[in-house]
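Coming up is one lone chain in structure tokens, specifically the form predicted on its own.
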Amino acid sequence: MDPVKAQQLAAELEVEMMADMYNRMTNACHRKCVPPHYKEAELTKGEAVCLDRCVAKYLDLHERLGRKLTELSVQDEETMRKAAVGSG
């Protein structure tokens, strides 16, 4: 595959994954922090604090998982490289 096309595909996939993560985070935090029947047009202080904490936790977890997956990917690449060198 052409390196430019591969890079473009990776960028498109990243945008799609970020949009999916944002939608999941929005739905999860809304369900957790905002009651189904609105009493006021604006968020209460408790709802706002809950949403802030929920989003912060969601983003922190997303970052941690990303680092771990990158670490595992690097380890896999090293293992495959060593196996290729050892069998060659």
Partner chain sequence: MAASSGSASAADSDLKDLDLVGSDMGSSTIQYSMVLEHLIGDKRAAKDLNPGVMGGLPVPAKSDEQKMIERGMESCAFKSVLACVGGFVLGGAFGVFTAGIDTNVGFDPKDPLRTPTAREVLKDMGQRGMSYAKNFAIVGAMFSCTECIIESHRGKSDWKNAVYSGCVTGGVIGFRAGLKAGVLGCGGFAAFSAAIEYYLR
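Computed from a predicted model, the values in this text were never measured in an experiment. So that the term is clear: the rigid core is the largest set of C-alpha atoms that superpose within 1.5 Å between two forms. Positions refer to the first chain, counted from 1.
Same protein, other form: the form predicted in complex with the partner chain, not shown, and the subject of what follows.
In the predicted complex, at least one heavy atom of residue 50 sits within 4.5 Å of a heavy atom of the partner chain. For the chain shown alone, residue 36 is not a contact residue for the partner chain in the predicted complex, no non-hydrogen atom being within 4.5 angstroms.
In the predicted complex, at least one heavy atom of residue 62 sits within 4.5 Å of the partner chain. Under a 4.5 angstroms non-hydrogen atom cutoff, the partner chain in the predicted complex lacks residue 27 among its neighbouring residues. Along 1-21, a non-hydrogen atom within 4.5 Å of the partner chain in the predicted complex is carried by 1, 2, 3, 5, 6, 7, 9, 10, 13, 14, 17, 18, 19, in order along the sequence. The Cα shift for residue 16 between this form and the one not shown, taken after rigid core superposition, is smaller than 2 angstroms.
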